[in-house]
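Only one chain is included here, represented as structure tokens and corresponding to the form predicted on its own.
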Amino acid sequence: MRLSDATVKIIFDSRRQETLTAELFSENFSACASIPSGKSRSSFEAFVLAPHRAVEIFNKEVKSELLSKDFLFQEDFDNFLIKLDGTNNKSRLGGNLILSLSLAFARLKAKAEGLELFDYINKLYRGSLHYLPPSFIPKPIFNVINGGAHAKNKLEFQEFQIIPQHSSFKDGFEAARKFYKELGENLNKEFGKEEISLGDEGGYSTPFRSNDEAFQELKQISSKFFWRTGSFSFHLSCDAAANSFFIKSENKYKINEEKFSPEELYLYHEHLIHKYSLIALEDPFCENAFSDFSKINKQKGVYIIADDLTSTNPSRLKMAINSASADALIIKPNQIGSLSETLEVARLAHKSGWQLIVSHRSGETEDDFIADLAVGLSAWGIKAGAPATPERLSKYHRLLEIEKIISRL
């Protein structure tokens, strides 16, 4: 495929911070992609170049190179940009610039081949010999209470989540919206409207005094749904994002003004897992605590999810696999910086028996690429925030569309 034109511009994400959108053109099609940004970032993510600098470099150094070549495959396109960058962490061109172009090319190529984007991704992921049309929608993991770096409150944990157990995405999505509405009404009654706001990912930010109080609120509403329907409609889960409350100089974690050793934090997590029947726990320890992850990964009945530990990075993932540090992996394309590299990490995790969870970032756009990515990877779950605010709803609305498409196949 030969490009006839290419542009990169600056737009604003959901936090009103600058980010990039790229648009690529061929003779018959055009496609664009915009890039989110994370506030809670690990030390191992691809370099994020200042958007104005990224646009400048694209116009001066990258655009003419792109327009002068033919690209037959996604990997050709991505590898060309990676080689042009020439650094280990994409610090010359920026992972954000490379990814915006990579995702736009994927959309353009899917159009040219007459494929839905999730089908195009699935064929890249599995290879033509092992291709099977996607047949299900990943479990939505709704972040309904925000804490940590994503909210202005006293909660150390970053995300308090519900996972619908309905057979269809449509039913689960509608149930989650009812749950979210009831949660908001309860919080308004308990704390007063003036004390309630929304965190970065659309979840409620409230003056809870502890992580336990937030879990208890979710458990009470979940129990109400049980009595109404006669079945357990929701599982609870959370993202501790332990990096954000880790004191490196002391090798301790600070929760509610109390300092926890890794062993004490393990016991704290164990208490939460059993008391609230958590089905998943993400980043229970800091980004280099492979052995602590490994210990808690022996817990039965709960997925231990790696995010900051692995950072969608094959080298980090291999270390985590070798130490049995987790059994589920967060996939964030902007942590690694291209679609091809994202698929490489997903394949490695899949071969090792890990579950995949495709995730958004706290600073999002209305681009819905990750919905197709989650379906294309046959991921176990997808994290796209609360069932509210346009940049989160865009992903869920795309999943509703995909569910209809799959049902007709």
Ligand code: 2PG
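From 1 onward, residues are counted along the sequence shown. Computed from a predicted structure; not experimentally measured.
The form predicted together with the ligand is left out here; the points below concern that form.
> Scan 347, 63, 39, 69 and let me know which has any heavy atom within 4.5 Å of the ligand in the predicted complex.
Only one option qualifies, and that one is 39.
> Could you tell me which of 374-382, 337-345, 359-367, 46-54 sits within 4.5 Å of the ligand in the predicted complex, going by non-hydrogen atoms?
Result for this chain: 359-367.
> With the partner absent here, would 23, 100 and 109 each sit within 4.5 Å of the ligand in the predicted complex, counting heavy atoms only?
Not one of the three qualifies.
> With a cut-off of 4.5 Å between heavy atoms, is residue 310 one of the residues that contacts the ligand in the predicted complex?
Contact check for residue 310: no, nothing within 4.5 Å of the ligand in the predicted complex.
> Against the ligand in the predicted complex, would residue 201 count as a contact residue? Criterion: heavy atoms within 4.5 Å.
Residue-level check for residue 201: yes, a contact with the ligand.
> If we define contact as a non-hydrogen atom of the residue within 4.5 angstroms of the partner, is residue 332 a contact of the ligand in the predicted complex?
Flag for residue 332 set to yes.
> Please run the contact check for residue 150 against the ligand in the predicted complex: heavy atoms, 4.5 angstroms, yes or no?
Close contact exists here: in the predicted complex, residue 150 approaches the ligand to within 4.5 Å, heavy atoms only.
> What residues, if any, in 205-222 have a non-hydrogen atom within 4.5 angstroms of the ligand in the predicted complex?
Read in sequence order, no residue approaches the ligand (within 4.5 Å, in the predicted complex).
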